[in-house]
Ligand code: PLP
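Encoded as structure tokens, the following chain is the form predicted alone, with no partner shown.
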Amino acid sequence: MNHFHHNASLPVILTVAGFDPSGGAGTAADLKTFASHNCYGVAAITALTTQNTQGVSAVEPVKSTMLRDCLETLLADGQIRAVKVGMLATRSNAEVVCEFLDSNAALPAVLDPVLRSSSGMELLDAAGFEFLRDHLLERALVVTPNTEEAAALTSLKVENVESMKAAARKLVEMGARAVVVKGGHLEKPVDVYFDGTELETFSADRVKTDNFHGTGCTFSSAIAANLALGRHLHDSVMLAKAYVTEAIRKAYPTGPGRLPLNHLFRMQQGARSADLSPAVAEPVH
């Protein structure tokens, strides 16, 4: 008997991002987020980093030829249902991703335009930034910049909800199909969603501290997971925000620096429930 048929329904999601050895951001965060949504994650690494909870100290981009080969190899399995694009590091990597998105235009893509780490390390070179702004925005189903990234992309000052709305509108004018401008640092965390027609704000309660690592990566990968599960973009954004808020609420320190989110809180809740359930005796034959 085949015991694996039920796994055929697990959507496969591709993350194209950097590797964070501390597990809080990048592909590690994405893969954990996909798993927590009952999806299967595969990853194409754009860069290796040296980092821990206290910050990023070094970045080593992957060669664009290696990235292209990796994307083509993963695509050859024919199962990918959505794509999350994060840190790209270099223009040549951004060009490879652009070609990939052009060749697979039916795949919903979430673009998180990562420019620098929270500790200030540049994660995309200047030529890569210009290429992302001029060519990648229009190739994603949704773009998810934070306020700093939205300001860099639009040349607007983005520091409150009204300016976030203006930046979202301008990004759509620049070619983006839909935008979520993330305002997690605001006194009350607010995200602005705009799809060219509908403009909406999503707010959440401030949780403990804003000293968190990987919230942007996690948010964009949660959107991708919900899209892969067949949900509408608006609903995917709403559900992703709820997931991230709870992952923040359940975060715990793994080092003395910024707290990584608890991406797997749903699985841990399920495990605790199982531990509390009464044991069922095996039938005696």
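Numbering starts at 1 and runs along the sequence shown. No experiment lies behind these values; they were computed from the predicted model shown.
Beyond what is shown, the protein has a form predicted in complex with this ligand; the following relates to that form.
K.L.:
Find the only residue in Ala43, Val56, Leu239, Cys39 having a heavy atom within 4.5 Å of this ligand in the model of the complex.
P.N.:
It is Val56.
K.L.:
Of these, Val97, Val114, Ala176, Val158, which has a heavy atom no more than 4.5 Å from this ligand in the model of the complex?
P.N.:
Checked against the cut-off, the match is Val114.
K.L.:
Given that the partner is absent here, state which listed stretch (213 to 221, 65 to 73, 226 to 234, 241 to 249) has heavy atoms within 4.5 Å of this ligand in the model of the complex.
P.N.:
Answer to the contact question: 213 to 221.
K.L.:
Given that the partner is absent here, does Val110 sit within 4.5 Å of this ligand in the model of the complex, heavy atoms only?
P.N.:
No - in the model of the complex, heavy atoms of Val110 and this ligand never come within 4.5 Å of each other.
K.L.:
Contact with this ligand in the model of the complex for Phe19, defined as at least one heavy atom pair within 4.5 Å: yes or no?
P.N.:
Result yes; Phe19 sits at the interface with this ligand in the model of the complex.
K.L.:
In the model of the complex, is there a heavy atom of this ligand that lies within 4.5 Å of any heavy atom of Arg258, even though the partner is absent here?
P.N.:
Arg258: contacts this ligand in the model of the complex.
K.L.:
For Leu141, is any heavy atom within 4.5 Å of this ligand in the model of the complex, or not?
P.N.:
Looking in the model of the complex, residue contacts with this ligand do not include Leu141, since no heavy atom lies within 4.5 Å.
K.L.:
Can you list, in sequence order, the residues from 44 to 72 that come within 4.5 Å of this ligand in the model of the complex, counting heavy atoms only?
P.N.:
Contacting residues: Thr49, Gln51, Val56.
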